[in-house]
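First, one chain by itself in structure tokens, the form predicted on its own.
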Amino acid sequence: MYTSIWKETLNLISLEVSYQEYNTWLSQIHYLSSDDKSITVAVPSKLIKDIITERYLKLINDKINNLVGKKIKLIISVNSSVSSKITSIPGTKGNKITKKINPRQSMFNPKYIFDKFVVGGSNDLAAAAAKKIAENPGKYWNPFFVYGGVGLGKTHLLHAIGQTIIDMFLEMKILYITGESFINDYITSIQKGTMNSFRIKYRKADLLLIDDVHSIQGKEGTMEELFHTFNTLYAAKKQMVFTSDRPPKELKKLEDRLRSRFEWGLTADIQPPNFEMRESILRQKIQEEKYTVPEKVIRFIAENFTWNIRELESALYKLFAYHDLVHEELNIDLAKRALKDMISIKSIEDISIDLIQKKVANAFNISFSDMKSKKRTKNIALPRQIAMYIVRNFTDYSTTEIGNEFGGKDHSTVIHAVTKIGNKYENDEMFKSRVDRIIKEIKQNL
């Protein structure tokens, strides 16, 4: 009974993970059946089941429960016979593709192309420059630095550049990576003694695309390697494109010499879409999904989801899932019912880390400075972990940025805290009530 819910779940997840992750792991999940309390899926091997359970189960459960409005159990079985099936990528509406994909193309999400990027006053410079660079890499602005908030289309442009160049320049060596992955790659190369291979890999690229480059701030060794990689590629007239959540001048923990190089080429920002642009984005998605949505409903979503494109798409997919579930006419009343929870909590996205730290500190009778200290006593460690959990779940800050605001903690420490508190929140009703009270207080301060 939850076939459409599962489809919309995959749609939402595809917005939050890289195409490479989706294609490698999540595309191998096959829907089998469902009832009122559970959804049963199958994967081709125990390895894939273990990886999905460890890395993606919470994300999948969160999306399903949010769409349905109650807890639904996901049952994952192992069935080797499903490995031969053809998978369908969300958003392609039955345009099925096999898992055998060109290695260069597997880096990119096929939905993220220029034709599907809605252009408006908030992103026209970034879009025009990206297209020009894709058609003539290394000949115009180098580097190209795009910045803006989460979910505004930076990654879309990065993928569109990469896919255009793949089609037009068959021999070009293309590297696409996130800032955090670049850090991990660097650390691994040190541990394994393969720094020479690391340098060759990046410095022989014809096109280097780094998403969320702000993640490397404060990482001295990583910044040093990127600095020298930049110099090598720039001298060879090889194109570089970077995205960040803020302009180079505001990356305070970035080395000055690297910051200045980021500013050598063209810097373009992407702002939140205006009302007309939000309507255009919704209409494009509706056409892709082949639904009929009244104008009043489109306006309702465009008026209430203004923060970024990702939340706009999430609202639309939730509406589709709710419509398919209750089998009612898709009208304004249905939209209000389906999206009421999302509308009520979305304003919390504007809160600051300081506000969260202060509210949690007050709730546990510790000082605000303790939140940012390196103390590890139990009476401080637990509130600090709760604050990290709230920040991670209700703001757009990355784990690296969160760690910086909590006494310079490593991003892996933040991930551990978020996972630990998330599990306790799900399984301990008294603990959940206490955290919910803190969240309620935070909302009241908005």
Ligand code: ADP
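Throughout, we count residues from 1 along the sequence that is shown. Small disclaimer: the values here were computed from a predicted structure and weren't measured.
One more form of this protein, predicted together with the ligand, exists but is not displayed; see below.
Peer 1: Verify the flagged residues L125, Q239 and D269 against the ligand in the predicted complex: is each one within 4.5 Å by a non-hydrogen atom?
Peer 2: No, because L125, Q239 and D269 lack any heavy atom that approaches the ligand to within 4.5 Å in the predicted complex.
Peer 1: Using a 4.5 Å heavy atom cut-off, which stretch among 283-291, 163-171, 219-227, 177-185 contacts the ligand in the predicted complex?
Peer 2: It is 283-291 that comes within 4.5 Å of the partner.
Peer 1: Pick from V150, I72, I353, L258: which residue has any heavy atom within 4.5 angstroms of the ligand in the predicted complex?
Peer 2: None of the others qualify; the residue that does is V150.
Peer 1: Counting any non-hydrogen atom inside 4.5 Å, which residue from K132, K201, R310, K358 sits next to the ligand in the predicted complex?
Peer 2: Contact residue from the list: R310.
Peer 1: Would K154 count as a contact of the ligand in the predicted complex, using a 4.5 angstroms cut-off between non-hydrogen atoms?
Peer 2: Output for K154 is yes: heavy atoms within 4.5 Å of the ligand.
Peer 1: Could you tell me if I438 has a non-hydrogen atom within 4.5 Å of the ligand in the predicted complex?
Peer 2: No, I438 sits far enough from the ligand in the predicted complex that none of its heavy atoms falls within 4.5 Å.
Peer 1: Though only this chain appears here, would I13 touch the ligand in the predicted complex if you measure heavy atom gaps against 4.5 Å?
Peer 2: No, no contact at 4.5 Å.
Peer 1: Report yes if any heavy atom of K372 sits within 4.5 Å of a heavy atom of the ligand in the predicted complex; otherwise report no.
Peer 2: Output for K372 is no: heavy atoms all beyond 4.5 Å of the ligand.
Peer 1: Mind listing which residues of 115-137 have a heavy atom within 4.5 Å of the ligand in the predicted complex?
Peer 2: Heavy-atom contacts to the ligand in the predicted complex: K116, F117, V118, N123.
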